[in-house]
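Presented below, as structure tokens, is a lone chain in the form predicted alone.
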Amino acid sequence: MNWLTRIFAARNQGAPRRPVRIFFTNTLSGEKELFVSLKPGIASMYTCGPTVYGPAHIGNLRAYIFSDTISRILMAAGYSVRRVINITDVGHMVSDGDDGEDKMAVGAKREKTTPKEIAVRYTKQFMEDLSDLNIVIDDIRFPHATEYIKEQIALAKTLEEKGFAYGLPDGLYFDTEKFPGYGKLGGLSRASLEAGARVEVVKGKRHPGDFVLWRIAKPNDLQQWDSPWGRGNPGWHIECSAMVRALLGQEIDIHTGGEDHIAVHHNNEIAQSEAATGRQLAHYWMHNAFLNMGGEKASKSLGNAVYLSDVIEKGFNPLALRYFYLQAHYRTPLSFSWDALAGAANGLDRLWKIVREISEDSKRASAPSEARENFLAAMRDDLATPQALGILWEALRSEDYAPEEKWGLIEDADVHLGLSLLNPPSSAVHEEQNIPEEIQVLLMDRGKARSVKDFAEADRIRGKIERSGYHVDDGPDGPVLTRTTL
């Protein structure tokens, strides 16, 4: 049991047992729906994870902050959450359809090593990114696709035996015409799916949208396994269906991912899973919108990707990125710029400053309040994080709430938002070594001026610091510096 689970358990102990109403927008229906789990008190959730041929960029990372927020809401409401995030280390082609070269092979050739070494390297970096973003990972399982080859072969064999698959010289394909509900996720018609299908034209394919379940190896393939159809490797989509089934069961509560997965990957998951079992794969499908860079989707292929390491190297605390995401609803496209991130970092610094003051005033004693109830209602209404942050800011600035009521709100905000509010760092943006030396000198000179009550000189230096692109706040632990421009 991780620390966050223990906090939830302690807070729920002795509390009156009444159902908590949580609403999620379900991509499957297109409607906001009341969440009802398959098993009382237990919620199962599968999140499509990274293809570890390189580092995850900050557009990818939005999906994991999103799914972490869902998990936090459910745990705070008393659910035991069973989670899986897969690690794709085989099968994902450079196109999100079925064509091109395997991304793991691309990464291995780029770095002159093996797919296994690439997978180890970038899985480690992905886990570090999740930790830096304060994503709760202790109770999540992170299976690798290569660990479940046997289960993928078994699922493909079942589909073949049931008449949903057919063989071609280059592999085994799923026949989408045999699954009447194909395209039901997102309400996509077969015609629109086939017109926009990002799949290779393969001689012998019965329909353009048919997708590969098992691929016959090419002579130079770096990853190969024996199968009933010949030596080869799995298609991308089948790994998720196989691992959901192996680790969470044939039906789950929630499946999450980026909105780019809806048309192809998730509709293919539904088709192969439900064709094999005759049961609904997931009852709630939830998707986050894109992060845009200069008007385009953040993408490695477009060459506009920014990584968490870039954010840290520029002196930002990773939680500034989390705060930046939470300022927008998860289903709203978000435009990234360094100035926008600097604004979010500045806002988080100010929030941490207020929290420190309330911590002293309240002696960290908490009490219920209307604001606390309103905050919880917003979070449980389809992760309305912008509204929840607005409620938090308004209440903390208000004189209508006692310090103990504000601290109670902060406790719930910390649990739900993951912004380190109970133990805020000294600065949201910079560690001292990342502040330019000339700014550090100005900061010390200002401190000296303030110590001798030469406030005119202190204000003059403050103006010089701010013209250099930094904002100064005087907190109980000393000055807090945030970057306002880059």
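Don't overthink the numbering: it's just position in the shown sequence, from 1. A quick note: this is a predicted structure, and the numbers were derived from the prediction, not measured.
Not on display, but discussed next: the form predicted together with a small molecule.
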query: Interface stretch in the model of the complex with the small molecule - options 46-54, 442-450, 415-423, 33-41, non-hydrogen atom within 4.5 Å; finding: 46-54
query: Complete contact of N60, H92 and F290 with the small molecule in the model of the complex (any heavy atom, 4.5 Å); finding: yes
query: Contact flag, D260 vs the small molecule in the model of the complex, heavy atom cut 4.5 Å; finding: yes
